[in-house]
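Next comes just one chain, in structure tokens: the form predicted on its own.
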Amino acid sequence: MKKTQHLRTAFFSRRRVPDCPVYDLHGHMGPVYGLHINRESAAQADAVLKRNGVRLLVFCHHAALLCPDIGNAANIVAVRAFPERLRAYCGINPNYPDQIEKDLTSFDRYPDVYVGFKFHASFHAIPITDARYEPAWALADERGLPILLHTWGNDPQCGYTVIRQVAERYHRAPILLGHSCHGAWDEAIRLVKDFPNVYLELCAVMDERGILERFVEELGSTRIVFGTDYPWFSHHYYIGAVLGSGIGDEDCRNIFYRNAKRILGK
């Protein structure tokens, strides 16, 4: 297929294209101790998403990952305040198995909030293969719900070796590799080739020129999803980086919204 880049011209002239919405499948919200993070509230996020033409942000509140006394309640409050553009991952903290049980028991009470689960094994220092994650893996796999993983190189908690171990076991849950095993690009590509439910996510990938083009050349664009780690990074930069990569319009559309809509069942 001949590559066209009409979308690039349209976005750069108008900032958003109505028939090419952006779905961001990697976001966060709320403060983090010891850091200043701008635009951390749900109201600020909604304004940013509207301005940048982002149809949906799927996020996990920092409190759900780092503050077990607040936990996923923060996700529920944020989504219900701005349901038009926000959905959440149910955050799983393996250091608190009792809380995981409560979150999974109440999961079905919030179909308007949750789309799947978020694991951040490097935060929690427990590998994604640990038995404490098993109830969430099992539920996601049973229902085909996405799990967004933080991944980086061959980190012992969340790198390509342990990803392969869980992908060999769970075949129905879409496994979204946040940061695409950053730096271990060969291994990330191999995981997508070996497992049809594994997807690459672009946050931090775009700091190295040519990697997105390589992903598309070797894998096509139907297994790549757009993400920014918002509010850690900017939609302006990431949308521009995808458009400026030189991949074709149909590939951009797959990455910006088609793949996400398929994963989310919309």
Partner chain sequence: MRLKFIDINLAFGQPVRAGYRPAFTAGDVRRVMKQAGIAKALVWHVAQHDLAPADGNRLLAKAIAGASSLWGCWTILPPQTDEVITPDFFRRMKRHGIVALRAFPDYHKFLINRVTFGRFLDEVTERRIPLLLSLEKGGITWPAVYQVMADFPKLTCILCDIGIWGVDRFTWPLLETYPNLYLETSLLALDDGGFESMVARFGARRMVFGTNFPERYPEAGMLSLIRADISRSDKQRIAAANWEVVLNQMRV
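What you see is a predicted model, and the numbers here were worked out from it, not measured in a lab. Positions refer to the first chain, counted from 1. Take the two forms, superpose them, and find the largest set of C-alpha atoms that agree within 1.5 Å; that set is the rigid core.
In what follows, reference is made to the form predicted together with the partner chain, a form of this protein that is not presented.
With the partner omitted here, the stretch from 193 to 201, 215 to 223, 48 to 56, 22 to 30 that lies within 4.5 Å of the partner chain by heavy atoms in the model of the complex is 48 to 56. Taking non-hydrogen atoms only, residue 42 never approaches the partner chain to within 4.5 angstroms in the model of the complex. None of the heavy atoms of residue 257 is located within 4.5 Å of the partner chain in the model of the complex. Shown alone here, residue 63 lies farther than 4.5 Å from the partner chain in the model of the complex, counting heavy atoms only. At a distance threshold of 4.5 angstroms between non-hydrogen atoms, residue 68 is out of contact with the partner chain in the model of the complex. In sequence order, 206, 207, 208, 209, 210, 211, 212, 213 are the residues of 202 to 228 having a heavy atom within 4.5 Å of the partner chain in the model of the complex; the partner itself is omitted from this view. Relative to the superposed rigid core, the position of the CA of residue 43 differs between this form and the one not shown by less than 2 Å.
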